[in-house]
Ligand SMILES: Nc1nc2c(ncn2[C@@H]2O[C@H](COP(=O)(O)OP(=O)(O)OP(=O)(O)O)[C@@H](O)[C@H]2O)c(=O)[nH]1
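Listed next as structure tokens is one chain, alone, in the form predicted on its own.
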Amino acid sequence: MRVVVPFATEQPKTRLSDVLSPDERRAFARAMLSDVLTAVRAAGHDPLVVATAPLDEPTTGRLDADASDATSLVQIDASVRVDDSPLSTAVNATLAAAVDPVAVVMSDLPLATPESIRRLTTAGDSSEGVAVAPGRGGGTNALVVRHLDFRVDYHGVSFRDHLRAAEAVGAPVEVVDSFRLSTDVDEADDLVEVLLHGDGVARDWLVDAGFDLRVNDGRVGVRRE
């Protein structure tokens, strides 16, 4: 099964701009991508990164003049296809060309494990089914497409829309309820989950960058030294 990992290269994770500079966001995004690729490979699949621009050189992710050693040189060891189309268009082009099942796993799932990827790729017992791992807030973090006519639409409440799209083409659906696949990282509060439950490159990057957990009025957040 081909596992496609979409990746925005130029302006990733803009909602983290209150805690990370543009260079840092690019470095952290690559760290999360590295964790996803590691999980996919360990699950026995060959990932294809669909990038919006070439992945020529890893970013150093320099933090500031006092923390220049807290860098992330993340080498991406995977096949890369450049497609600067919108996300849905790029994924649908892959689906249209596929003759075998395709899995699509977002690149901002640093808690993904080989076990969670295997759960996704083996979900459903129909040769023409669709498996969907929802994200928080109505998004779609990962899916497996076996039906040749199914197409994605990542705008709006994409989880609901993908259920409707599967119904429209007559594809049975299995919802994959997975904490690790549902935890995408978009905002500063999401970094809590990476620090608590992560054990890969993304967590190491945050620790090197000076992030730690803080508790305020019984709520857990992050702080940066």
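These numbers were taken from a predicted model, which means no experiment stands behind them. One rule holds for the numbers: they count along the sequence shown, beginning at 1.
The discussion below concerns the form predicted in complex with the ligand, not included here.
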item	value
Location of the ligand contact in the model of the complex, chosen stretch of 95 to 103, 143 to 151, 115 to 123, 80 to 88 [non-hydrogen atom, 4.5 Å]	80 to 88
Any non-hydrogen atom of Ala8 within 4.5 angstroms of the ligand in the model of the complex	yes
4.5 angstroms heavy atom contact with the ligand in the model of the complex for Ala188	no
Non-hydrogen atom contact Arg214 with the ligand in the model of the complex at 4.5 angstroms	no
Non-hydrogen atom contact Thr14 with the ligand in the model of the complex at 4.5 angstroms	yes
Heavy atom within 4.5 Å of the ligand in the model of the complex - the one residue of Leu163, Val50, Val176, Ala171 that qualifies	Val50
Stretch 93 to 123 - residues with a heavy atom within 4.5 Å of the ligand in the model of the complex	Met106, Ser107, Asp108
